[in-house]
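For reference, the chain that follows is the form predicted on its own, supplied as structure tokens.
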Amino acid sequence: MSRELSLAEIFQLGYYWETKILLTAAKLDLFSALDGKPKTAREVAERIGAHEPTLSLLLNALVAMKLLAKEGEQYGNSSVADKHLVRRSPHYIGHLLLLHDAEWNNWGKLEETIRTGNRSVDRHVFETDPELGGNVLAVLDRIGRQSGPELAKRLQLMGPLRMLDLGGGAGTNAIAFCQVCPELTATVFDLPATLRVTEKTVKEAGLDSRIALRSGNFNRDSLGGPYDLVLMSDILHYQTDESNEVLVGKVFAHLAPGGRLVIKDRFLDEAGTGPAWTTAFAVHILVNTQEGGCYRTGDAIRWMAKAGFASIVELEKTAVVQGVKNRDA
């Protein structure tokens, strides 16, 4: 039986103060300004172009949040801030925080959206700010490099397979699958602006001879093929149920007989109340996309069945669904 929340925990859930303090510090690139050695509030203010007295309030709050340390009048980064929040660090994740900050005003319209059902955005921030989108893709690529090989091994890939990584972003999964399965070749299909990032990551991995890039809009353009494996990873929550059904049917037509479609996404359980993070993500999609949504595993199974897939299984609960095309199809 789950424990009830305390009054203190309810208040904590309602406090967005620390969130905005961190996002503002990232926007100011404050942690990069403290890279190297501790500095006074005046020195930091001069470096980032800020008002010293008000900046001091922000700095002190960041100390209390354990992102900064303070000795005397000097402030310095904590070890975790040095690793993840200094722009020159190879582990920098600040671009994700900048994305969250760019979406801040959309969240302020949540009440209006809930009352009216009308969404407040007509385009995702990746479309309005392609540079930010590219930087976020690079961060997600670094974060996702651990899960890709695990998924490839779970799928037991063998032989000279032809893979399509649909909406493949930076090519994270295509790279991982090629590394796990030496005979596999892949195509990453995405928008031209995204593929500029993909080209870089593929070359850095030394796999440009095995991974091809195909630009276009997957709802409108030909996908090429035929393929033995198509992966849709975290793309369907940006679309409507109807668009996803049509796209799954389109993928079916581009699969070779016996080919597989694997959908990896953030699915809700059948009750719609879990996993907890995904229920919050569903609200995020509501306020930050024009028509996206979080779906249930049953929705993915329905799309596949409608397309003609014969063998459909949930490989990982609320995360991965696979459909296989009959060899005589």
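Residue positions are given as counts along the sequence shown, with the first one as 1. Everything numeric here is computed off the predicted structure, so don't read it as measured data.
There is another form of the same protein, the form predicted in complex with a small molecule; it is not shown, and what comes next is about it.
L137 is the sole member of V202, A176, L137, L229 with a non-hydrogen atom within 4.5 Å of the small molecule in the predicted bound form. Contact with the small molecule in the predicted bound form, defined as a heavy atom within 4.5 Å, holds for exactly one of L191, L157, V246, A102, namely L191. With a 4.5 Å cutoff on heavy atoms, G94 does not count as touching the small molecule in the predicted bound form; it lies far away.
The small molecule is not drawn, but in the predicted bound form it has a heavy atom within 4.5 Å of G167. Contact annotation: Q74 falls outside 4.5 Å of the small molecule in the predicted bound form, judged by heavy atom distances. By the criterion of a heavy atom within 4.5 Å, I235 is counted among the residues contacting the small molecule in the predicted bound form. Exactly one of the stretches 204-212, 168-176, 82-90, 255-263 approaches the small molecule in the predicted bound form with heavy atoms within 4.5 Å, and it is 168-176.
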